[in-house]
Ligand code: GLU
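In the form predicted alone, a lone chain appears below as structure tokens.
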Amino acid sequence: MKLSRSIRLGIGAVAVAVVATACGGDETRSVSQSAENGTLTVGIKFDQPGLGLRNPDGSFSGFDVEVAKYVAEQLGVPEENIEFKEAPSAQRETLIQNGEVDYVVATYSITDSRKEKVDFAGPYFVAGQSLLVRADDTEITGPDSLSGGKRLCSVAGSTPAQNVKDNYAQDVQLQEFDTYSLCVEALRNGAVDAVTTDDIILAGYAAQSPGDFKVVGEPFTTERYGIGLAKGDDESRNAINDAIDEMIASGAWETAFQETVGVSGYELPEQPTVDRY
């Protein structure tokens, strides 16, 4: 039997669609469905001491890691069934949209522009942008002292980098690297004068190298850290929000903070209030 040209074209289009779907394409993931299957892939930072750090032995530590593990446990997935995947700042939305991770816990500030691409549970922490300088620096005391061509480092795709571009770029030479650890090394060797990101991140780097760096000035933004997941996955977002609420109410949130970030001297902040939208 001969098929008409229109039918043949229709079958071909279906075949292409099936192949594209099988190859992954832009498929997103449902956190709840992954949890029901017994495993989760979670995006974290690998280079942020106190928050998300891959240790020399291959293990992971930090406050974000503890939050990620607690949420997974509340969803029925034990720690040994979590695969941690590195989530650099500029790649977080892409990792979620491409279905490469179930959710991201990586000092991920909730912003309106990001909410156009992904959804957020939380916040699970509220931080503020600040500055890290060398310990012997007496000139830089806050964002207003960055004038005169100071060299400032931040990470491409990050909220702090965008904030500097919007508000302080006229008087500062902004350099954007892939990771904050590269910024800190540039600060150490004198290639830049300061590093900017959230105070909690900077405190971790300062604690990692005692006597080398210091955090200066008062925080000049409010950064609400959320757990990023696929757009429209409302069931999972509600379940993660419930897990965050339980972590706070049970005391596990404070314990996790004190055992990770708290050792740097960063003071325990107020407990966050989870958004329900």
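Quick note: we count residues from 1 along the sequence shown, nothing fancier. The structure displayed is predicted, hence computed values, not measured ones.
As for the form predicted in complex with this ligand, it is not shown, yet the points below apply to it.
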Test of understanding: in the predicted bound form, would S236 fall inside 4.5 Å of this ligand by heavy atoms?
no
Using the partner position in the predicted bound form, report whether Y225 sits within 4.5 Å of this ligand, counting heavy atoms only.
yes
Should Y103 be classed as touching this ligand in the predicted bound form when contacts are defined as heavy atoms within 4.5 Å?
no
Taking this ligand as it sits in the predicted bound form, is T107 near enough to touch it, meaning that at least one heavy atom pair lies within 4.5 angstroms?
yes
Interface segment, criterion being heavy atoms within 4.5 Å of this ligand in the predicted bound form, picked from 194 to 202, 140 to 148, 181 to 189, 68 to 76
194 to 202
Please state whether every one of the three residues G50, R54 and T260 places a non-hydrogen atom within 4.5 angstroms of this ligand in the predicted bound form.
no
